[in-house]
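Form predicted alone, single chain, as structure tokens, below.
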């Protein structure tokens, strides 16, 4: 079955895109969860739709417009709340809706027939082109290089920002780095599961990894593996059942997460009852 799938170039492209997305999921997803930036990541993903629409209107690659809007939204969330009475979640909600509205406006103003935006909204990894793969690879390399170069500082920023500031280390710089690599990573995931479903792939594999591991290194690596397995399974089902690949990936991911959460809860209750029984029998 695998040989038959790999026979087609679009399936090979999809697998490579899944590999790149899994790397981004492990790094960006871990950062977003540990710093409680999950809702912000969702807002950035939706705000990027404005740039995608602008790309269609002006005739340049939409993904670059999406990156521009995503970075702009991330910077706005990072700094504007400090200079106004708006809270971060309020700013996220405004940017979320404003970006989507702009995207719809720009697309409606584009000459000719309105393009099909399904792949950007819900993802279609089976249609990723060779050019898109190179773009995704470039973004992924940026995320990996930044993470490797600033690994120790990032870990300290994620888990003990106050200690970092007390030591005179540049926590503000790390904040900017985090708020810049998150939108870059999100743009990679948009090509895989789409704007609407990005937040699921960003959080579910990491949440599953955190059920088993506490070390940030193990969480990142295991979430990469879990994410790739989800993508591989979703791609296969999408190919044979003729269903949207992004939807397939997210449904599988969410189902596995809920099953594991239920199983973990049952195991904890069983251990608690067993411990209680052992104590009463002593």
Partner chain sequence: MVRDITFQNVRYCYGEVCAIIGANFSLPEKQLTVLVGPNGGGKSTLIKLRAGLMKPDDGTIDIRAGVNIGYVPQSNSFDASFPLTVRDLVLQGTLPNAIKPFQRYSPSQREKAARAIQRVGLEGLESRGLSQLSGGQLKRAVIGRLLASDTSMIVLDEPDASLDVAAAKDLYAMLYKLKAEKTIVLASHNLDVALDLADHAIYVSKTVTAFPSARMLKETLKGGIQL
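Please read these numbers as outputs of a predicted model, since none were measured by experiment. Positions refer to the first chain, counted from 1.
Not on display, but discussed next: the form predicted together with its partner chain.
- Of the candidates 102, 164, 91, 208, 164 is the one whose heavy atoms come within 4.5 Å of its partner chain in the predicted bound form; the others do not.
- This chain is drawn without its partner chain; in the predicted bound form, the residue among 109, 75, 141, 149 with a heavy atom within 4.5 Å of it is 149.
- Taken together, the three residues 116, 119 and 196 all stay farther than 4.5 Å from its partner chain in the predicted bound form, as judged by their closest heavy atom.
- Figure note: of the listed segments 208-216, 91-99, 183-191, 124-132, the one touching its partner chain in the predicted bound form, with heavy atoms no more than 4.5 Å away, is 208-216.
- Proximity of residue 169 to its partner chain in the predicted bound form: non-hydrogen atoms within 4.5 Å are present.
- Proximity of residue 174 to its partner chain in the predicted bound form falls within the 4.5 Å heavy atom cutoff.
- Put simply, residue 137 is far from its partner chain in the predicted bound form: not one heavy atom of it is within 4.5 Å.
- Contacts between stretch 36-52 and its partner chain, counted in the predicted bound form as any heavy atom lying within 4.5 Å, involve 36 alone.
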